[in-house]
Every structure is written in structure tokens, then in C-alpha cells.
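One chain comes next, on its own, written out as C-alpha cells in the form predicted alone.
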């Protein structure tokens, strides 16, 4: 207890050095939390943005349709819709009927997957309607919206007709639809393949009276939790899927990127630990004369070394607490406010395969405290052992002559 009291007094007797060491440790913890918060948040932002452009935050469909996306595996009915509207997380619901089709213009033809939608409800669950760059969104049956790159390949213009051919459960059917809008999102899968038709046209072409999926909008960051919650009360013939299950290939790429970030994080941790060690070592060197005087009045070098270790432990713990508070405060703020997207969204949007637009939020996970602890722990051990070894070898008479 005596050594603890002595260490505690020494810590606050040298306030400037103590504050400096606390700031160094706090910075190491803060930077570690921020690094992983941005890294994981970026991956989640990409996955969720992809879902809002290519699919939806949550999709309800039959397992058979997920394995074999054929309209004959459509939902048996849409009676679920009323019950889903009572789920607190569900903010919007839109039925969709997707089917393979051949889109023909007067000059050429392209294969695609057409999506039948209810235009007003689709705005609640998808980011696509907000990216009409020419013309307008669907308003009634008999109309067609295409991705801009697809329309250019077909050489079809606004106001012209394109023919949608399909062979669904009702047999081969075709319809001539008027092109009323072009979509451009920067996402190749949308711009080059998107075909939107009215749900009534899709039902007439396929002979399916229901839909192949119900698209749901839920709060950002709660997609997987909402899908898991819905699975508990859905009948066994249907299931709810979040972005991680719908976009498995993209999720694997993002997880690979996270693994690649580990060596960088490890290198960063070593640099942070070295900063903590060097700061403590310099502090001990500056106090050599002081330690010599303490040893001269009777405190054994071994016990003096323990005091140095305890001082390092106290300042490191205080710095770690300050770093945790600052780190979680920062990632918590960036998880709610799109500051990163405003700053870097344009740069990231230059990658056509990344549908991130201007929304980048950080992630907030308890594990970051452990990551920060490991960095600080390594620094604290080095900071305690190296200076303590120097103090243990101290010769009082020689140390007191040092200015």
C-alpha cells in the first residue's frame, strides 16, 4: 500500500509529465478505436448501400425462389403484408415481381431481369427512384424505365417503345412498353441491367398473381437484426434475408479487406506502444537525480523500480479510460452523422463497382475496447519494464551527481 501511495503522489507531483503520458496513451486507444470503427463501418456502408440499389434492406421470399429465381417459385399470397406493417422496425413494404426477359428495340436485343414494381411503394424501399437522370419514374402500366447504359446499348430513347419478351408460367408473352425514364447510379449492375415495369404489366406477362418478393425498408444498421426478428414469426414457406445473405460475394470481398487491414492495425499498435514506451523512458531519464535521492534515503532499488512500474500502470490506465471515452464518442458521433460521407463520398463514388454514394458511417462494437487494451497493454509492459530495469541498476551517489 505504501508503494501505491508513493507512486500516486509521484504521478501528480509531476503533472506535466503525467498529462503528457496520459495524452499519449489516450491517443493510442482513441486511434485504435477510430481505425476499426471506420474500417468496419465502411464495409457495412458498402453492403447496405449495395442492398438499397440492387435489392432492398430486407427481402422476404420463398427459399425455393432464392435458390432458383424463377417466377414459378413466387410467394403463395401477399397476406403477410398487413402483419409486416405492424413490426416496429419495418418502415416500408413494396411487392416485387422479377422475371427473366429479353428487351428488344428496333435495332438489337438484350437479356435482363425485369422487375415489376408499384412505383409509389418502391420509393420507400429502394434508392433507385431517386436516381432518375432523364424523364421520370413509372406512373402507370404500359411504361418502362431502363438503366442508362442498357438504353444506350439498345439505342432506344425516351418516348420510344421497347418490347419485353418473357416465357413465364403463363407461357411466352410480349408487351410493347414506352420508355419514360433513365436511371444512372454509378453502379454497373443497375445502370447496365435495370429494367423497371409496372407490377400490373409484370403480372400480365408472367401470369403470376402475387409477387416473387416483398422488399422491406428498415432503419440503417438494423438490416440483419430485422431479418432475424422476422424469421421467428414468418411461416415456414417464406424467409427473410438481410444484405449479408443476399450479397454473399460482396460480403466475402469486404471480409477479405478486413483481414488485409489487420497487419496495418498491428503495425499501428507497435508504433503506438513505442510512443508510450519512449515517453515513459524519457520521463525516467529526466528524474534520475530524483531517484538517486530517494534511494539515498533508504528505499531499495528493487522497491524504487516497483514504484516506477506502478506509476506507469496508473498513468496508462488513466490514459486508456480517456482514450476509450474519446474513441467511442467519436465513432458514436460518426455512426449517427454522415460526416465521412460528406468528406470522402465523392472520392469513393469514383469506383463504379462501389455503390456507396455519399453515405459512410462508422461502426460501434464493444470489441474495439479489447483492441485498444491490447495496444495499450503492450505499451504499458514495455514502459514499465525498460525504465524499471534502469532504476533497479541505479547507483545513488552517481545518480545524484547528474544534473
Partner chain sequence: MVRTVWTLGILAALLASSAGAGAPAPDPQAVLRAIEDNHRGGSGRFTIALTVVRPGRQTEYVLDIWSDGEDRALAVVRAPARDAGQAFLRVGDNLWLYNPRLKRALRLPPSGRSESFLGSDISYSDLAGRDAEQDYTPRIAGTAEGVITLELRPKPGAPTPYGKLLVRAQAATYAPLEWTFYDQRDRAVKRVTFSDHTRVGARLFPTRTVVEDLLREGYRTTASLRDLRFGAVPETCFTLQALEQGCE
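Being a predicted model, the structure only gives us computed values, none of them experimental. Numbering follows the first chain given and starts at 1.
The same protein also exists as the form predicted together with its partner chain; that form is not shown, yet it is the one meant from here on.
Every residue of the trio 107, 157 and 175 has some heavy atom no more than 4.5 Å from its partner chain in the predicted complex.
Heavy atoms within 4.5 Å of its partner chain in the predicted complex map, among the stretches 226-234, 162-170, 293-301, 318-326, onto 162-170 alone. The closest non-hydrogen atom of residue 102 lies within 4.5 Å of its partner chain in the predicted complex.
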